[in-house]
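Heads up, the chain below is alone and in the form predicted on its own; it's given as structure tokens.
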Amino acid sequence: MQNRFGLFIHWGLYAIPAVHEQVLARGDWKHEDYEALMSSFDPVHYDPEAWVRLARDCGMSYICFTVKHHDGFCMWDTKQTDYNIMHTPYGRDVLGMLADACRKYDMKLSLYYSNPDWHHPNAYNALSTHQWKAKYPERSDMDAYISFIKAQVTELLSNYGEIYTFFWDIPPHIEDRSINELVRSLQPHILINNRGFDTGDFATPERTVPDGDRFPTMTEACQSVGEHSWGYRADEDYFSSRHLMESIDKLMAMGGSYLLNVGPTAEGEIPMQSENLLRRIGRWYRRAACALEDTSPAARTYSLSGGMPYIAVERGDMTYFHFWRGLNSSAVTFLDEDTPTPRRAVLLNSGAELPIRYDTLPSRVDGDAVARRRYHSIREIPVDDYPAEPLVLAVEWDA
């Protein structure tokens, strides 16, 4: 997996009450009341090409779509249950429409599939979490439910073209390697996360920014634009663009992919505040993308002035310094005597080339309190011009 920036989309019946994607459980709804939402789900403004163009404009290269969340409602034309989008007033295969749009714009498509299913009669799994709203806990039959999962996986991976990744959700704590073997038999190049019925291919930290400067394994982190919900919430509290960009910058500099989630409305539209956040982040991301995608850890360590955290990565002849929390001064000084000589430095936030100086610094003195050593410094960094963005420096060295 190359580290990529992607759009996560949580969309389903839960968009109608506009509270939370788990409103059936967290709102303690009766099953019959929640399932009745199917009769009014009619997203007449759904335009998958608009979603894909938005993702592309923001520098994203894939979309991960929730085909079935914990409520069990299916957002494709499945033959395994009537509890699906085809039995709503809308009556169209929204996944198929999205897959067509992704192919048109060369956007990779990934699928999210929930292991808990609060509608299926046999899905209760006492070994797992998120089971409290199972409709028929007394009828638990995991063999029957796994057969249902396999039938649905076969549909999803046979009918919608090439799928980039498969995102299981909520580990079942049951090992059954045959399920991911089926996934791979249907899509040999697919990548599978670690929340399914075996270890899978990649880890999935959620709403966290791990410590460290490099992931030990293939990783895809995810976060939502909203603090409380992944699905559409009418009264959402949105994260700041600064907070989201910090996490994207650090996690991708660590070598991970990053899924940023939005929840479309019941009418099929991405809320304007979500779209504005995406576009603001996208404007920064497109300027910094060369330092975020397909990089490797810097071959050496650097001691820098200022004490601000950073991660250094390389691609080709360039070293990129990610200051995800910004800088506290307008200069970055290389303190090690054996640091190579920087020939050129560019602030990716603006594209501007920055001056490089080699001179003594009065604030740094030797044992006799005299400033003697000369230091290479990248100067005149306009730190106050980008208060809401992580700063990324690109440095080219003398041979």
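In this text, all values refer to a predicted model and were calculated from it rather than measured experimentally. Residue indices: 1-based, along the sequence shown.
Keep in mind the form predicted in complex with a small molecule is missing from the figure; the text below concerns it.
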Which of these residues, Phe323, Tyr112, Tyr232, Phe73, gets a heavy atom within 4.5 Å of the small molecule in the model of the complex?
-> Tyr112
Counting non-hydrogen atoms within 4.5 angstroms of the small molecule in the model of the complex, say which of His243, His87, His130, Lys135 makes the cut.
-> His130
Check Glu21, Phe167 and Ile170: does every one of them have a heavy atom within 4.5 Å of the small molecule in the model of the complex?
-> yes
For Arg195, is any heavy atom within 4.5 Å of the small molecule in the model of the complex, or not?
-> yes
According to a 4.5 angstroms non-hydrogen atom cut-off, is His376 in contact with the small molecule in the model of the complex?
-> no
Is there any non-hydrogen atom of Cys222 lying within 4.5 Å of the small molecule in the model of the complex?
-> yes
Proximity of Glu162 to the small molecule in the model of the complex, heavy atoms at 4.5 Å | no
Where does the small molecule sit in the model of the complex: which of 353-361, 33-41, 65-73, 328-336, heavy atoms within 4.5 Å?
-> 65-73
